[in-house]
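First, one chain by itself: the form predicted on its own, in structure tokens.
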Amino acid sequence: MRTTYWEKNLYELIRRTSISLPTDVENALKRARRLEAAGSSAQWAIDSMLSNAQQARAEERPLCSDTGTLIFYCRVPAGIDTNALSASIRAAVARATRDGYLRQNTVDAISGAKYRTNVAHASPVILFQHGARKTVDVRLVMKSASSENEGRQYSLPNNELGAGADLEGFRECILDAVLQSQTNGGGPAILGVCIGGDRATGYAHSKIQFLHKLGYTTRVKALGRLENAVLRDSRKLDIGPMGLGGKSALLDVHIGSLSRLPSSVFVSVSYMCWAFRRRGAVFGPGGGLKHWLY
């Protein structure tokens, strides 16, 4: 693996992710704007978001001052040198930090001291999935602190919510997560949800849902109906963008599921703010760029 070649293309992936809101997210914001009353605070808030996105792209600066945790999802062929690919990702992160496309957001858990290149133990997060493929698919999600802080996990049945271990109970949990976030998470939001799994795998699988394009509906019919119900019912909460009131508390919700133990029923909800920085690229086995994703 030619490390310098990989590093160049991965650096460009980071740069694009940091400064440019993906088209599907921008279009979803425009659709949300049409839901709101003309001249309302909700419309004004979405107009500001769209303006900020355009300005960040034009000025080539980070869309948000919190460039967040960097999570790289890598689908690779069997036999590829993942140590070398990881080293290239870390080198690209360090360079992007020095160049100002990433802020110094990584700190020591105990002392709070900054890692000035954002490279540390478990930073960035790099996840590999091996398969029968010839290309390398790398997708990057930047998860800000404000959105990460709004993640929630429910164990069912939940007496406080009156939620049972069924589809209606799942709906109650997800809508409660939206209500609890309100002004804190930078809505309108995108939710990634996992039904099942354990406490660790549930959260991990909920974040994988962010790799779907907005507008995607799961092929699992029961979960697809649940996605539609959550979107529909979220509009009745009168939360709106940034908690200013209105219909667009959510841009989209993606729900996946994992097998579970009979007596463990978890609903894990990961939250992403409107500044949904997620991009990807497909590379040849030698690091050559095939095409961009999103």
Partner chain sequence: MPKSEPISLASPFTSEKVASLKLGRRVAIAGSLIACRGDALTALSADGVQLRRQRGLGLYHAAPLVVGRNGQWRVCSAGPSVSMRSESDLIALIERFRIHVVIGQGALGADMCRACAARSCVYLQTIGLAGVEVAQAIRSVTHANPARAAQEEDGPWMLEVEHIEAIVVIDANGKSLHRRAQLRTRRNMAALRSSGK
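In this text, all values refer to a predicted model and were calculated from it rather than measured experimentally. Positions refer to the first chain, counted from 1.
If you look for the form predicted together with the partner chain, you will not find it shown, but the lines that follow are about it.
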I have 41, 244 and 273 flagged as a candidate spot, so tell me whether each of them has a non-hydrogen atom within 4.5 Å of the partner chain in the model of the complex. yes
Could you confirm whether residue 27 comes within 4.5 Å of the partner chain in the model of the complex, counting heavy atoms only? no
4.5 angstroms heavy atom contact with the partner chain in the model of the complex for residue 213: no
Hey, in the model of the complex, does residue 61 get a heavy atom within 4.5 angstroms of the partner chain? yes
I'd like to know if residue 149 sits close to the partner chain in the model of the complex, meaning any non-hydrogen atom pair within 4.5 angstroms. yes
I need to confirm a contact call. Of 158, 117, 218, 182, which residue comes within 4.5 Å of the partner chain in the model of the complex, counting heavy atoms only? 182
Quick one: of 258, 35, 56, 231, which gets a non-hydrogen atom within 4.5 angstroms of the partner chain in the model of the complex? 56
Candidate stretches 85-93, 99-107, 120-128, 220-228 - the one whose heavy atoms come within 4.5 Å of the partner chain in the model of the complex: 99-107
